[in-house]
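The chain below stands alone and is given as structure tokens, in the form predicted alone.
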Amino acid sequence: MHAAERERRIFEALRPTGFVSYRDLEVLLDASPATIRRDLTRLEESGQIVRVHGGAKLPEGDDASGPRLMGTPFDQNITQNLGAKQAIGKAAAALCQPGEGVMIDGGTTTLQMCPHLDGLGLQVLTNSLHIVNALLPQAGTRILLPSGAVFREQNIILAPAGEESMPRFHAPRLFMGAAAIGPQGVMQADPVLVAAERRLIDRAEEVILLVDSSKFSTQSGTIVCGLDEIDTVITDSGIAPDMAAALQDAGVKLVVA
């Protein structure tokens, strides 16, 4: 099991109560005590957990009574590269067919699809309250939501991994964003986001990634999926030629908005 996967499982174990014991981690991770200590030390040094007697806990203010996500808050991120995001959102909306069902993952770029969906009569499954608010004035758009907890930094609804939170809904296309993308795959800042997006990817026939070109220069985070699971990437003209070539070599369709 890779370090990123172990970290994801550690955070999943921490979410319900804010504490996990060493004994539980040994069973959950199927790893040696030395490996678990190194993982916890690394997470503590980055400020994501606090090691305590018998295990680890979330930092104060990060417990289950007020779930929080790692990464840039939505209200801060929404103003970054806004022009590029608006063009990307418009290009993504043009791929939707009247009357179909689609899944739209929460994000500041996927949000920009919403003004261009009016009149298409879509069924939209989304985990984003921002997207819900943008779609509510569209009388012909049917909105579906998963169950889970609201994470206020992103105004998004997420459930722990392994918990069935999605309504019975089939959609041919998933539109999603990312914190970063590189040769190793698509990345997010928080393991809880990774688990939620994996559930969406597993339901989709076609995965369409909406990212402005700045996301190609920050290649750190927990991997959501490899490039081989992405069908289309919509970005702006700032994408570097070597990254564009890497996407095409991986069989990904590249759309420059």
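Take the two forms, find the largest set of C-alpha atoms that superpose within 1.5 Å, and that set is the rigid core. The numbering used is simple: start at 1 and walk along the sequence shown. On a predicted model such as this, the values are computed, not experimentally measured, just so you know.
A second form of this protein, the form predicted together with the DNA, is not displayed here; the remarks below concern that form.
Would the DNA in the predicted complex be within 4.5 angstroms of a non-hydrogen atom of every residue among Arg6, Ser32 and Val52? Yes, the whole trio is in contact, each within 4.5 Å by some heavy atom.
Which of 7-15, 230-238, 20-28, 245-253 has heavy atoms within 4.5 Å of the DNA in the predicted complex? Only one stretch qualifies here: 20-28.
Indicate whether Arg198 is a 4.5 Å heavy atom neighbour of the DNA in the predicted complex. It does not: once the DNA is placed as it appears in the predicted complex, Arg198 has no heavy atom within 4.5 Å of it.
Considering only heavy atoms, tell me if Arg38 and the DNA come within 4.5 Å of each other in the predicted complex. Yes, Arg38 lies within 4.5 Å of the DNA in the predicted complex.
On a rigid core superposition, would Leu25 pass a 2 Å threshold for CA movement between this form and the one not shown? The answer is yes, as the C-alpha of Leu25 shifts between this form and the one not shown by 2 Å or more after core alignment.
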